[in-house]
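One chain comes next, on its own, written out as structure tokens in the form predicted alone.
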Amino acid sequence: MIGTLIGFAQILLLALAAPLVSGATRWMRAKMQTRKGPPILQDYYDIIKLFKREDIHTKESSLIHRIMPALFTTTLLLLAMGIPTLTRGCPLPFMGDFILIIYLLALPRFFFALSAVDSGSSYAGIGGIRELIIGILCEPVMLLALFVTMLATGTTNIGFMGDAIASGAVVNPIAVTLAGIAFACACYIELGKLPYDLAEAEQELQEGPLSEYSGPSLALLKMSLSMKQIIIVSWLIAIFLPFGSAVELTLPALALGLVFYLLKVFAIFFICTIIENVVSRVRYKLLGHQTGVVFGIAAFAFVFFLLGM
């Protein structure tokens, strides 16, 4: 019962904070570039404005294009309920399996790309195919990194993984460290940051699948994309940076866990903002080269695990 309540609290926390985090990262990057930038609450203004507008779809689109925003949002809300944020363990233990989380993250990606092709727009279709390519390049890295962590901790539950790392029960520290580095790099690519993407540039191919959406559907997608960023960061925190999370389900422990969680989220997004300000755009075809290097780090983590290090 308590776990279910914490899960619903996490849904409210992540859903309400997602536009704030997105707006804050753009504001920080603007300040680092000595620009005024948009207000921190700009994403809230945009979402409210879009909910007041008409929902229009192309004549060529089918049911897939219409249900995708609701499917995308529902899947992310389910993930927000299961991934541990305030606590060390998963609020809903059956939602903590990393293989299930990988599949749940792949589901909205698939329908996101499928709806882009279904819209009948060639520009949206190219953006949808590009989204699938990112999944093909990043998901194997995540799977291998988490597979190594699973072998080192003896569990597929991300809450138990984080607890084992925090308590020092891992007997292969070098392997887990390399797996964490590879996983963090893959998460950064998934966030849609420079040098490969510019999240607020509406004419980028990353925004192509959104080009045929409007009104409430577009509002749900914008909110969901911001939520996806927080969920990916929360996933990284739950496994490899669980320090400070609540071990006991008491009010003081949960409050302290919330403070630590917010500090870690802010620190990660701040580091991402610094990286965005010190790198420049690169050609998209180089993404495969970079993910190859990251996959190599994950492979080295597996080798070190086999060596018992």
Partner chain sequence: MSMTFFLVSAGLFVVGALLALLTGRSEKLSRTLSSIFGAAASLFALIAGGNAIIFCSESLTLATPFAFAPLPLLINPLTGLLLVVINLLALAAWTFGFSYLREYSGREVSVIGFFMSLFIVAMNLLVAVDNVFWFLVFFEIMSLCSYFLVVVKQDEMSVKAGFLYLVMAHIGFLLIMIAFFIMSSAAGSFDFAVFRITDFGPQTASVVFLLTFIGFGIKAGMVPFHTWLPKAHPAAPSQVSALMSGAMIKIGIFGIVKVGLDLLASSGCELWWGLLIVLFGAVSAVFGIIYALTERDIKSLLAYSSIENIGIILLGVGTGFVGVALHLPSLAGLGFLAGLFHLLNHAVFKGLLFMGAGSVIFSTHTRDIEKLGGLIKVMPLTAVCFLCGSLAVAALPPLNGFVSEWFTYQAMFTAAFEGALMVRVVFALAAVALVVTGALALATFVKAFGLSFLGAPRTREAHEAREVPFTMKLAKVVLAAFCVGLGLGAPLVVPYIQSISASFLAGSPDLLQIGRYLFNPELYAVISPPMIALLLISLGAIVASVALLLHRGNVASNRDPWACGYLHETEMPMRPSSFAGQMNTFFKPLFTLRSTITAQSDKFISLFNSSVRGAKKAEDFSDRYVVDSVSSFVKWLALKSKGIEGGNFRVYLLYIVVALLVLLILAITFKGGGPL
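Because the structure is predicted, anything quoted here is derived from the model rather than measured. Numbering follows the first chain given and starts at 1.
Separately, the form predicted together with the partner chain exists; it is not shown, and the next lines address it.
J.: Select, from the options 270 to 278, 254 to 262, 35 to 43, 50 to 58, the stretch whose residues sit within 4.5 angstroms of the partner chain in the model of the complex by heavy atom distance.
T.: Among the candidates, contact is made by 50 to 58.
J.: So the partner chain isn't shown here. In the model of the complex, which residue out of 175, 95, 185, 225 has a non-hydrogen atom within 4.5 Å of it?
T.: Exactly one residue meets the criterion: 95.
J.: Going by heavy atom distances of 4.5 angstroms or less, which of 232, 210, 81, 189 would be at the interface with the partner chain in the model of the complex?
T.: The option sitting close enough to the partner is 81.
J.: Taking heavy atoms only, is residue 154 within 4.5 angstroms of the partner chain in the model of the complex?
T.: Judged by the heavy-atom cut-off of 4.5 Å, residue 154 is in contact with the partner chain in the model of the complex.
J.: Could you tell me if residue 249 has a non-hydrogen atom within 4.5 Å of the partner chain in the model of the complex?
T.: Result no; residue 249 lies far from the partner chain in the model of the complex.
J.: Taking any heavy atom pair closer than or equal to 4.5 Å as contact, tell me whether residue 11 reaches the partner chain in the model of the complex.
T.: Flag for residue 11 set to yes.
J.: Closest heavy atom of residue 305 to the partner chain in the model of the complex, within 4.5 Å or not?
T.: Result yes; residue 305 sits at the interface with the partner chain in the model of the complex.
J.: Even though the partner chain is not shown here, does it sit in the model of the complex so that 125, 144 and 147 each have a heavy atom within 4.5 Å?
T.: Heavy-atom distance to the partner chain in the model of the complex: all three under 4.5 Å.
J.: Listed by sequence position, which residues of 21 to 46 have a non-hydrogen atom within 4.5 angstroms of the partner chain in the model of the complex?
T.: Contacts from 21 to 46: none.
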